[in-house]
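Below sits a lone chain in structure tokens, taken as the form predicted on its own.
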Amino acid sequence: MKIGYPCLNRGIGCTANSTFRLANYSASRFLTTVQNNLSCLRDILRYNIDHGLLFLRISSDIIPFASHPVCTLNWRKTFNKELAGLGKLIRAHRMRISMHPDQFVLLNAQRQNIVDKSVRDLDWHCRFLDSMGMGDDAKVQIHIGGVYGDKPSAIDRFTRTYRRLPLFIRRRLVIENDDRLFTVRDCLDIHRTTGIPVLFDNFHHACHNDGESLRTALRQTACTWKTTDGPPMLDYSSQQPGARRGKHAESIDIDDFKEFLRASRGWDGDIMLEIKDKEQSALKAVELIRKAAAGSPRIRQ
């Protein structure tokens, strides 16, 4: 079981997701920003390796405006050495990598121009992972999209668009259940049609489900992952006390995490902590799991 956090390390003094306004785009600014982002990503990876945090979601801002027509530079060629070096570091330490494009990636949009833009966005994410030499277990996770007043039609549009995607994109994509529109059951229906793996989000499931228990949902989604996909991935969070329903916790609730571990006993996958204080909560989670699972052959650290 590998534990990770998304995008930003709050303690090392740099960010791997720096960007700038489109109006300020220039070739020199783009190159400098990408160079700094990749340098910081290396620092984050080294920190995580040193602290046993072997799962990382890389920010979509690592290459600013990568899918926008303004970006005409061949960043893969320009930063080939840096990308290859990052991939070598990741593979040497058996880390797990993922990416999560923003909410504007909508494969089931009703407007074709939005679908086309979404595919371009997925294209560069997958090419970025390919440039680092990542295997098929490095996933790009997306939501199904909007309902647009007709869920069956929305699911059908997603399925038809997915089937038209190039293989190098399809082999990386996974879908997750969300907190308002599409449940685990909806995701499983899409999996049965397309074969796409389903990433389980425990917090979204708590907010929006069809009555399945956590254990049932974990078992059902885990079965959608093939050996070549790597172990199942899971997003974990809990409710921030006193905040609106669905707001992610600022720091890990150890009691809630312990309860999650009890409920998921026997499940073997990698956990992404979607918690605001990032590596600080991840360090606490790793320590807890090491104590709870000392000697277990399922723990892959």
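Worth saying up front: this structure is predicted, and the values here are computed from it rather than measured. In case it trips you up, residue 1 is the first one in the sequence shown, and so on.
One more form of this protein should be noted, the form predicted in complex with the DNA, which is absent from this view; the next part is about it.
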Since the partner isn't included here, can you check whether the DNA sits close to all of R163, D189 and K226 in the predicted complex (heavy atom within 4.5 Å for each)?
no
Which of 46-54, 257-265, 228-236, 62-70 lines the interface with the DNA in the predicted complex (heavy atom within 4.5 Å):
62-70
In the predicted complex, is there a heavy atom of the DNA that lies within 4.5 Å of any heavy atom of G146, even though the partner is absent here?
yes
Should L106 be counted as a contact of the DNA in the predicted complex, where contact means heavy atoms within 4.5 Å?
yes
The DNA contact at D116 in the predicted complex, heavy atom, 4.5 Å:
no
Is there a heavy atom of Q280 no more than 4.5 Å from a heavy atom of the DNA in the predicted complex?
no
At 4.5 Å, heavy atom to heavy atom, what parts of 15-36 sit next to the DNA in the predicted complex? List them in sequence order, or say none.
T15, N17, S18, T19, F20, R21, L22, A23, N24, R29
